[in-house]
Ligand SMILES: NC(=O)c1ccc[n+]([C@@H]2O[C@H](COP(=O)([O-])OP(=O)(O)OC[C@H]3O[C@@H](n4cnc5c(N)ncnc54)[C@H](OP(=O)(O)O)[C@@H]3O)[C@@H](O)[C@H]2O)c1
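Consider the single chain below, provided in structure tokens and representing the form predicted on its own.
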Amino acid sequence: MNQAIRFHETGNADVLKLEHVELRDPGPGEVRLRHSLIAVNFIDVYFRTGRYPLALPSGLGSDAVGVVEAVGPGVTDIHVGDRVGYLIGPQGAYSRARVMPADVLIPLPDGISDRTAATLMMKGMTAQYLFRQVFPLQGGETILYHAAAGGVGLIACQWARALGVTMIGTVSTDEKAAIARANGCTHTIVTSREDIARRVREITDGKGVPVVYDSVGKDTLQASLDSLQPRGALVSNGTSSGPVVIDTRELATKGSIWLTRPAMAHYIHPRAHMLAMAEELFGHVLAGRIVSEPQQSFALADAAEAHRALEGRKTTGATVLVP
């Protein structure tokens, strides 16, 4: 019998339970795959706590890698034995195996291991769409990026370096600052003892930055606004500290600031575009410009412990579950 993490009510990490679930044969347009590694993302916390609503009971997770075990009728470009990953689709990645729509799967190149791929699906593709689509970086910019030592952050550090971008990254500790700098972050700001906006102005000779990528939300909103140049862009790509609430008049008084709250779903379709995004990401990895491995691993049964570590800011880089 297949096992999966499910939850029947929203709440703290204790609501996550390992249960036995049936594993059916794939139908038209579907495949069955067995997971090798499952990524843990902060968006999973949003679903678990009810910030993003789901019909309950539910599985959890939308990001994993594995091997195709069976294909349903009509599936022509995915085959049994293929190594694939995914970052969109129905919730339920926290499982040993599952049935998935074939059109959300991304074939993995031979030169990229499952361990690396498990850090690239949601996290690497997030860096791609933030840096290459939401606010396209050309090289030469100085940017502010919050949570630079996180799962997306460490990939973003390396991508910024590859593009010739000067990245100012915020972190919570000196240890995380060292990790971010080792991955290509040019300047780090330790938020427990440094004023973010003041340091940004010092680093940029008072000019501020053209863009802030802010996945923290409520706690960093004012610092983000105060770090921007006139007509700069605030990319609010997460709310780990709480939702962003803003009077739009403040955008004018801070310098006619642009504000966007992007969602991956609006940048990844159609499938051909998703595969092109992955190709660009994989190209950096295969060329050695981006190196990414999980920094924390937990057994599938210990998913609640993984969530506690993530929410407690006790992790760096990517966290995975091992089925």
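In this text, residue numbers run from 1 along the sequence as written. The shown structure was predicted, so the numbers you read here are calculated from the model rather than taken from an experiment.
Below: the form predicted in complex with the ligand, not depicted.
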item	value
Per-stretch contact check against the ligand in the predicted bound form, the hit in 203 to 211, 221 to 229, 106 to 114, 235 to 243 (non-hydrogen atom, 4.5 angstroms)	235 to 243
The ligand in the predicted bound form: contacted by all of M122, Y129 and K176, heavy atom 4.5 Å	yes
The ligand contact in the predicted bound form: M274, any heavy atom under 4.5 Å	no
Contact test in the predicted bound form: S62 vs the ligand, heavy atoms, 4.5 Å	no
Non-hydrogen atom contact E311 with the ligand in the predicted bound form at 4.5 angstroms	yes
S215 within 4.5 Å of the ligand in the predicted bound form, heavy atoms	yes
Members of 1 to 19 lying within 4.5 angstroms of the ligand, judged by heavy atom, in the predicted bound form	none
